[in-house]
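Here's a solo chain for you in C-alpha cells, the form predicted on its own.
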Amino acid sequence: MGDVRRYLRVMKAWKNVGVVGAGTMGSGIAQIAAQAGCDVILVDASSDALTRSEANLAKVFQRLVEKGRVSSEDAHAVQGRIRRSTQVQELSECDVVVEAIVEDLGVKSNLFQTLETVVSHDAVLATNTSSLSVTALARACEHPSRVVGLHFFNPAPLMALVEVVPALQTQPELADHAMAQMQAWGKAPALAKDTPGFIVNRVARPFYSEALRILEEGVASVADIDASMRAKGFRMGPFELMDLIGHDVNYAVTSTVHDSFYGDPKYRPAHTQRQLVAAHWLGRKTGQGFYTYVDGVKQGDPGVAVEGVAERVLAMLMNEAADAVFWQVASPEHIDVAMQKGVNYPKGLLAWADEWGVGELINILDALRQRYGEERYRVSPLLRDMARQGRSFFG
C-alpha cells in the first residue's frame, strides 16, 4: 500500500496556495483561493497563458465592479493576492498545491514527482482530475499520504461543488481537513470514494444514455425529450446539455466510465453520439450537433413534453444514485449535494426517490427490465432492501 505513515504531522490551514496550470480551470481555482483570502501563486510553463489569465481575471472583476457585486478596492485586493510565475520552484512555501493541467496520468505523475522536490514535507498535493485514479497519481509520489483529489467544476468560481476524493494511500485526517478547507473557501464539498467518475460523472450517465436510448427507439424526438426534462425542472435537456459540453468530451467520458467498469452495459456509449463525433458535429462549438446553432443560438422547435419520458430517465438516475450508495461511493447526503451543486439538478435524486416511493421506482425499473431483458435496467440491491424494510433515504 506504499507509504502508510502519517506524513502530514500538522494539519495547517491553507493560506499559501499554489495552482499549476493557467487555463480556464486553474485560473478559476486561483481566483477562488484569492477570494477566500489566500495568497496564491499561479504557475504555468507558458508566460502567454499567464498573461491571458491575468487579463481575463481583470475583465471578470471589472464586470463584477460594474454590477456592484464587489467594490473596486476588494477587486484590486483579490487580484493582488495572485502572483504568477513560470517556475515551479516558486511553490516552495505553499501549504497546498493544486494541479489543473492536461488530463494525462503520466504528465500529472511527473509533475507530482517534481513538486515533491520543491514543497515542504507537510505540504498537500491536490489533483483536479475528473477521470483519472487519484490512487494511481498518489503512487507516483514518495509520500502518497499527502495526495488528495479536489475536483472543481467548470466554471470553478461559479459552481459550488468540489468533489473531495482521497486516494487509497491518503492520510485519513486529510480528507476531513480538505472538506473543511473547501467550506472555508465558500464551496459545497462532497466526499467521494476513488472510483470511476467519482459521484457526478458516474451518477449523471443515465441523463445522457437513457435519453439517447429513448431517441434511438423512436419513442420521442430530441426536442420533445429535452422539453420533457425541462418540464421536471431541469435547466437544460440532455441533448441541449450534450451539445453544450461537446460530443467529443461527453462521449469520451462515457467511454472511459464504461471501460473502467469492465464493460457494464449500464454505461455503454450510444452509436448515435459516436456518429456525431465521427461527423465532427460536436455541438454548439461547431455549430451543429443534435441542434443547429447560428451565432451560438439554438435553432428549431422547442418541443413538447411527452408522457413517461422524464420518468424513465429519472428512474435510471435515481437507481444509479442508489447504487452509488450501495457501493459506498458516497453518502446519500453527499450524492444529493453533488448532483444539485455540480450539475444543477432541481432536486437531490435520493430525496426525489423518497418522494416517489421506493416501490414506485422499482416498478418502473422492473417493467423496463422485463420489456428489454437487459442488465442495464437491473434494480440496485439497496432499493430492494429498502422496499422490504420500509426504509427511505432520508427521515
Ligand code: NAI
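None of the values given here were measured: they were computed from a predicted structure. Heads up: residue numbers just count along the shown sequence, starting at 1.
Keep in mind the form predicted together with the named molecule is missing from the figure; the text below concerns it.
From the list 355-363, 24-32, 59-67, 339-347, the contact stretch for the named molecule in the predicted complex under a 4.5 Å heavy atom rule is 24-32. Mapping the unseen interface onto this chain, Gln181 falls outside it, with no heavy atom inside 4.5 Å of the named molecule in the predicted complex. Heavy atoms of Phe239 never reach within 4.5 Å of the named molecule in the predicted complex, leaving it off the interface. Taking the partner from elsewhere, Ala75 is found to have every heavy atom lying beyond 4.5 Å of the named molecule in the predicted complex. Using a 4.5 angstroms limit between non-hydrogen atoms, Val107 touches the named molecule in the predicted complex. Taking Thr195, Asn250, Gln169, Ser130 one by one, only a single residue has any non-hydrogen atom within 4.5 Å of the named molecule in the predicted complex, and it is Ser130. Checked against the named molecule in the predicted complex, the candidates Ile225, Ala100, Cys94, Ala126 yield a single residue with a heavy atom inside 4.5 Å, and that residue is Ala100. Taking the named molecule as it sits in the predicted complex, the stretch 166-195 never comes within 4.5 angstroms of it through any non-hydrogen atom.
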